[in-house]
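First, one chain by itself: the form predicted on its own, in structure tokens.
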């Protein structure tokens, strides 16, 4: 039985704690947060856990075999490096860290300690995204592929919109897309980025559009804002067809179990539903995989050595955005 502790007991920390509390093979035993209010709330939700006020206290307590880190992004490096230095396996929330350099140092520490460093890129474990990803990988859309995602809405605020602490939507939110595109397309090559800030109080880029180019010719188009309302677009297009989220023009089937759907449309307009189960969710699958990594049963599917590439994309977009520049992506 693997004893798991949570570092950072806010919204995402509590969500991850619930995921681990619901899977076999582990016991949620502890939580750590400098906020007394957060610790009190966590204790109310998980009354059998022991509470600590710092990362150092929980990793040196002898009470945990592995930890989940869900503190603000700008604090990831300090918390993860402390846990790794103690030889404790880590699942860290995305983004892995705020900069490529911090990611490099964390990977070096994990390698030096021979300790698991997994990043919570949950879409790699999401049956919904994996279902359309399998269609893309099968060649049904042809090649090259253009994945398009545009969204606008008011962001979570607070530290997320601080440049140094959160990095804004093109770092904290869109990193899921970068990582899954890397998972599907391979190594990113370059980005073309242009930004405009709509919120004068935000130090992070709050509105930005970028094209990520891949070595095999595929592209990811991202246009995100956390400062204005707007319409959304999410599809994956290729010369043989396209995939859209939802059921397209088809009716949703009546099922006894909850499912999620994508719709594939071929060149002639024929539509096919792509179905995936809604339960268990991606967080449960992710927790199970992390536990298997800790036991040494599997090869990690979301290691820090892969997650650093998504940070490299995000960091390059943020650097190139204000000047409307094209830049190469590097993480070595």
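Values in this document were obtained by computation on a predicted structure and should not be read as measured data. Numbering follows the first chain given and starts at 1.
Missing here is the form predicted in complex with a small molecule; even so, the following discussion is about that form.
70 is the sole member of 66, 30, 293, 70 with a non-hydrogen atom within 4.5 Å of the small molecule in the model of the complex.
Residue in contact with the small molecule in the model of the complex (any heavy atom within 4.5 Å), chosen from 38, 263, 26, 51: 38. Contact annotation for residue 122: at least one heavy atom lies within 4.5 Å of the small molecule in the model of the complex. Among residues of the shown chain, residue 4 is not one whose heavy atoms approach the small molecule to within 4.5 Å in the model of the complex. The closest non-hydrogen atom of residue 184 lies beyond 4.5 Å of the small molecule in the model of the complex. Contact between residue 285 and the small molecule in the model of the complex is not found at the 4.5 Å heavy atom cutoff.
Taken together, the three residues 76, 93 and 176 all lie with some non-hydrogen atom within 4.5 angstroms of the small molecule in the model of the complex.
Only one of 143-151, 199-207, 158-166, 232-240 lies within 4.5 Å of the small molecule in the model of the complex by heavy atoms, and it is 158-166.
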